[in-house]
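Heads up, the chain below is alone and in the form predicted on its own; it's given as structure tokens.
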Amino acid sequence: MSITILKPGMMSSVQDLGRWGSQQFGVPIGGAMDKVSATMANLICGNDENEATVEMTLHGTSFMFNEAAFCAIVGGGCQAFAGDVALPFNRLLWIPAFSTISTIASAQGCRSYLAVSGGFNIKKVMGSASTYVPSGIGGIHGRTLVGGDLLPFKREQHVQAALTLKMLPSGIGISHWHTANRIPALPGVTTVHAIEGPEFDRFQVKAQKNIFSSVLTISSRSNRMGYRLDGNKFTLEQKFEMVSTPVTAGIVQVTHEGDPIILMADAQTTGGYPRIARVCTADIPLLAQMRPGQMIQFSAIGEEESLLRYKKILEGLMMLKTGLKS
């Protein structure tokens, strides 16, 4: 009852919804970069939202099912195949034993999530199975996945239930229903909604205007800790010594050189750079599906609109959960 990683691709790791409640000890939340896609994959499989998933970045991952199992793949950045059979995303799948699934490049998205029915049996550290590489905790030995890694399942799968799916000659089963595809075909410049940050007023007026009008490019130096943005420089009205302050995913810090960085899932818990903006929580999953080289433009919104946008996402996930149980 397991899958074996044959090739890890560009960067694959075990992730759930994060390590909440330990930030006062300097432990980042971490977890899936696109927590909405990870949640959807688990809901499709009938799991709790916080079960561990395999986060795959772009393409090049392959793994073998050592036993037949239900699973789901949600997100973007790749297409998945079992032999020559294309596996649809956002559906419940029945995968026969000893099937090898491989991913190849797709045009949209950056990260996809594999969930299995019942979840993966991964030891939790501080309440989470999420891999946090800088500290070497969670997942498989606190690192990204490598060839030969074995991910055990929590429970046996039930073959009889697979008969309710559309069964292909290959033995693969596909649910008749599917959830909505939420990975958009991104235009040349993607709008990311953001709120003025705590130190917004300390920047020059030109910088205050430019943060919500400039087109910025996601740098190749970006990672799970933060997206570096290339483009305009953002200058303080006057330099000042800033004490280390709390930060979290979505905060837009500006370095001493004037370069903005959007903190992402593995962001540290405190930082000493001024915070010029904060990305709307509802737009962080969108950012997680963007690749280096893609362009963004911040659009100013207020706290109330930001909360309403996030509430809409939560309501959608609740509707999905309710619908799958009915």
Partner chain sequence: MLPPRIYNIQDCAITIEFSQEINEATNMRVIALQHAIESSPIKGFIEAVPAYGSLTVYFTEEVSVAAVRSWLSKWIDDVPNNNHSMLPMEHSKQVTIPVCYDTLLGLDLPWVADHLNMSMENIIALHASIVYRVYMIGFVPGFPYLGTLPNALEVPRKQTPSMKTPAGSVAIAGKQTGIYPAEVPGGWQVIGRTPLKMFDPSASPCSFLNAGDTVQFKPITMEAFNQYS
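Residue numbers count along the first chain shown, from 1. Note that the structure is predicted; figures quoted are calculated from it, not measured.
Unshown form predicted together with the partner chain; subsequent notes refer to it.
In the predicted bound form, the residue from 295, 29, 286, 36 that sits within 4.5 Å of the partner chain by heavy atoms: Exactly one listed residue reaches within 4.5 Å, namely 29.
Here the chain is shown alone; which of 92, 211, 249, 115 has a heavy atom within 4.5 Å of the partner chain in the predicted bound form? Only one listed residue qualifies here, and that residue is 249.
Might residue 59 be said to contact the partner chain in the predicted bound form, defining contact as any heavy atom within 4.5 Å? No, residue 59 stays farther than 4.5 Å from the partner chain in the predicted bound form.
Partner proximity in the predicted bound form: residue 243 to the partner chain, non-hydrogen atom cutoff 4.5 Å: Residue 243 belongs to the contact set for the partner chain.
Find out whether any non-hydrogen atom of residue 135 is located within 4.5 angstroms of the partner chain in the predicted bound form, and reply yes or no. Close contact exists here: in the predicted bound form, residue 135 approaches the partner chain to within 4.5 Å, heavy atoms only.
Is residue 199 close to the partner chain in the predicted bound form, meaning a heavy atom pair under 4.5 Å apart or at it? Although the partner chain is absent here, residue 199 would touch it in the predicted bound form, with heavy atoms inside 4.5 Å.
Would you point out which of 83 to 91, 167 to 175, 122 to 130, 140 to 148 contains residues with a non-hydrogen atom within 4.5 Å of the partner chain in the predicted bound form? Answer to the contact question: 122 to 130.
Taking the partner chain in the predicted bound form, which residues of 209 to 233 have any heavy atom within 4.5 Å of it? Stretch hits: zero.
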